[in-house]
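Presented below, as structure tokens, is a lone chain in the form predicted alone.
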């Protein structure tokens, strides 16, 4: 390993993705449904702030084909401070309720803080979705201790819940690869099961629209590393800016990016609109030959 060029040790052969009780084969495309336990989230703020409505949302997305539910207690955008205690209050009882209602469901939690990570793992979480690029290095230790999965992302050096200002890269994909592969290697060294680690280019985090478009176009460079790639583009600003459409009109653009990323080898897709995302992914899988059509009658009778 020491004779390999820098970063090469972080590459791996594609294998199963092990989350919770499940082993997902490399050809399986997974939908990660978003359930925000916040009153001020980016998309449809407050729609699942009430716990009863949030639990109903979980039941709905599971019926629509979600493989994973991603629970968030803090919005990514700058806003009022959410303390560790408050983030735990928003997420832990809800995770316990979801686990009781859906024993086999993969539960992910969007957090960057190890104190929260410990509490949600104790409550039954299977995956820690760190969108802030290893800001808290103890997060990997918690994932290793509890045997949970970990998402290693690229945020361009941003502090949690801050906005980018004139981000510039000599080569944005090279920067993405350097950071995510380094985090994946560090997580594995900390004891996280390599089959439970994902990498995420984190569109729009520390990036402008040009950067997000470029990493979408070059996503095959990430999937070629062998690490499972998570795509989180649902209704994001780069889609709205590219198409000049408001937040509520970004589904078509989101599905376009999703389909391209699926074709290029991404494996997990974080989404607000689950049914539409599931159909888009199933269509791509069928075109690739990884999924048979649900039924075929045309031209056979």
Partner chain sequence: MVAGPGDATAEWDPGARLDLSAYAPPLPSPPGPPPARPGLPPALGLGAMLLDQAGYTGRRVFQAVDRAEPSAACARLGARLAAGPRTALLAMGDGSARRTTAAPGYLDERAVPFDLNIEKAVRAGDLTTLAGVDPALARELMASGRPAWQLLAGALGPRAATEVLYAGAPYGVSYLVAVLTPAPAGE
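Positions refer to the first chain, counted from 1. Because the structure is a prediction, the values reported are computed rather than measured.
From this point on, the text means the form predicted together with its partner chain, which you will not see here.
**Q** Looking at 84, 79, 97, 174, which has any heavy atom no more than 4.5 Å from its partner chain in the predicted bound form?
**A** Partner contact (heavy atom, 4.5 Å) among the options: 79.
**Q** Considering its partner chain in the predicted bound form, which of 193, 141, 221, 214 comes within 4.5 Å of it through any heavy atom?
**A** For this set of options, the contacting one is 214.
**Q** With heavy atoms only and a cut-off of 4.5 Å, decide whether residue 168 touches its partner chain in the predicted bound form.
**A** The answer is yes: residue 168 has a heavy atom within 4.5 Å of its partner chain.
**Q** Does its partner chain get within 4.5 angstroms of any non-hydrogen atom of residue 164 in the predicted bound form?
**A** Answer yes; at least one heavy atom of residue 164 falls within 4.5 Å of its partner chain in the predicted bound form.
**Q** Please tell me whether any heavy atom belonging to residue 208 falls inside 4.5 Å of a heavy atom of its partner chain, as the geometry stands in the predicted bound form.
**A** So residue 208 counts as contacting its partner chain.
**Q** Which among 104 to 112, 133 to 141, 71 to 79, 221 to 229 is in contact with its partner chain in the predicted bound form, heavy atoms within 4.5 angstroms?
**A** Within 4.5 Å of the partner lies stretch 71 to 79.
**Q** Pull the contact list for 135 to 162: residues with a heavy atom within 4.5 Å of its partner chain in the predicted bound form, in sequence order.
**A** The stretch 135 to 162, when checked against its partner chain in the predicted bound form, contributes no residue at the 4.5 Å heavy-atom cut-off.
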